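Single chain ahead, written as structure tokens, the form predicted alone.
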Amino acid sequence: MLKSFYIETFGCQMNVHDSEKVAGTLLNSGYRQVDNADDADLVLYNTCSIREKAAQKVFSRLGQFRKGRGEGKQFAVIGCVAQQEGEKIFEAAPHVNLVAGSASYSRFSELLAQLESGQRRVTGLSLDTDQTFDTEFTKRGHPFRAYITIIEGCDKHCAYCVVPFTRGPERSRTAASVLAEARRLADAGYTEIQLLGQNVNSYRDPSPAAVSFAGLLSQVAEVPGIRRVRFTTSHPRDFRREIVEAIDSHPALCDHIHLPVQSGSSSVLERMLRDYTRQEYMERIGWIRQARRPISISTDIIVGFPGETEAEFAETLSLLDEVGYDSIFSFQYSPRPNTSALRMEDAIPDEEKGRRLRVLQQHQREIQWQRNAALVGTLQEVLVEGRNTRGNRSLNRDGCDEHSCNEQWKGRTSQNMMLNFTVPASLEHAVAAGEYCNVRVSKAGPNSLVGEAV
């Protein structure tokens, strides 16, 4: 009987793709995947350490198996928390058998063999490598959208961020290997590719070809069969005008850029060690706004960084107005191990951080209402993801009535907007998950759009 495994993923798209790599290795090693931890012989938690709560969730999951429920099972903690905490995890959760950081995934089969040989505790924690975390086997979790990691690690050492300590230094794949993987995915029927990296636009082709990031975008966009190409996450310091020019020149490159700012205050950015000012960030926004086609912009923002004054927070609110973001990901600052911000004074009380986060999110919600309302009446191409299963209640919060919410499909636009839509009887045969169709926008809310296929 085949051994079974269950893997739960916390955190970003990088972690999601890392789990695909680990799952592919396990399947190739003779394991079968199950959907419930109780049914698995090997339970893996792929962890994130960016936010404190994400790490707490992992130990909460492990705590559920301290007594009889975990008997006969093996447990693995992998990813960023594994790299951050190392062998201390064995002390906190003695029933854990494997602790491995993401730099070990290329040799995960070796770690698995040690586990199967009867070793009680196995580790893979070395960051001493110049290799990217490629694996021979990947179990893709999506039928028509695929991730490709093009660069691993981070050299930036922002004051709040633990990634350099959990992912190691920046290491890029060759452009040739990225293109080869893109072609294999296209041949397998994938039509949308997302290029991934902690700082994706810091990509530097290590081969003699020395392809730039903008050049790589252009080459991937020209792969036959690929309809859409996305990329995340960009660092403003390495964001070049050539990236916008590539988007303008290649229709397959999506009309969306995620450009994390973290704060609208130059003084806070300096304390964060972000290596750019508000003015320099806005210069890059200017390049995007000058593109020949409209490009949506999203960002990350941290509130309550040590010493952030009310005036500095107000600068972040004014940045939302100046840029007009289409969406944001916002967080309260949380102290992380090994980071220089741990030594900073003037910590902001949690209650005040929570208040600022609520103010920020409400301010952005009003901006998104306005920006999305401007799309009513426009025609948008969507990649159909499937039928909408959220129900009328959640859709009504975005401003559609009961009748229009019945029998809806959902899809994502090139600008990364979720669009819920109905399909006339005459077009039902042409709509299916993984297909592309045109939708006329009829209503808009702060988080999504509503329309009808045409």
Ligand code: SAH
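The model shown is predicted, which means the values in this text are computed figures rather than measured ones. One-based numbering along the sequence shown.
Just so it is clear, the following notes concern the form predicted together with S-adenosyl-L-homocysteine (SAH), a form of the same protein that is not shown.
Contact at Ser298, Gln380 and Ser448 by S-adenosyl-L-homocysteine (SAH) in the predicted bound form, all three, heavy atom at most 4.5 Å: Negative, none of the three is within 4.5 Å.
Looking at Cys161, Ile150, Val220, Leu98, which is the one with a non-hydrogen atom within 4.5 Å of S-adenosyl-L-homocysteine (SAH) in the predicted bound form? Exactly one residue meets the criterion: Cys161.
Please identify the residue among Arg356, Arg336, Arg278, Arg227 with any heavy atom within 4.5 Å of S-adenosyl-L-homocysteine (SAH) in the predicted bound form. Contact residue from the list: Arg336.
Picking from 306 to 314, 257 to 265, 173 to 181, 288 to 296, which part of the chain touches S-adenosyl-L-homocysteine (SAH) in the predicted bound form when contact means heavy atoms within 4.5 Å? Selected range: 257 to 265.
Would you classify Ile302 as touching S-adenosyl-L-homocysteine (SAH) in the predicted bound form, given a 4.5 Å non-hydrogen atom cut-off? Ile302 belongs to the contact set for S-adenosyl-L-homocysteine (SAH).
So, in the predicted bound form, is His235 in contact with S-adenosyl-L-homocysteine (SAH) at a 4.5 angstroms heavy atom limit? So His235 counts as contacting S-adenosyl-L-homocysteine (SAH).
Does any heavy atom of Val423 come within 4.5 Å of a heavy atom of S-adenosyl-L-homocysteine (SAH) in the predicted bound form? Close contact is absent here: in the predicted bound form, Val423 is far from S-adenosyl-L-homocysteine (SAH), nothing within 4.5 Å, heavy atoms only.
Verify the contact flag for Gln332: yes if a non-hydrogen atom of it lies within 4.5 Å of a non-hydrogen atom of S-adenosyl-L-homocysteine (SAH) in the predicted bound form, no if not. Contact check for Gln332: yes, within 4.5 Å of S-adenosyl-L-homocysteine (SAH) in the predicted bound form.
If you apply a 4.5 angstroms heavy atom cut-off, which residues in 168 to 203 are near S-adenosyl-L-homocysteine (SAH) in the predicted bound form? Those in contact are Gln198, Asn199.
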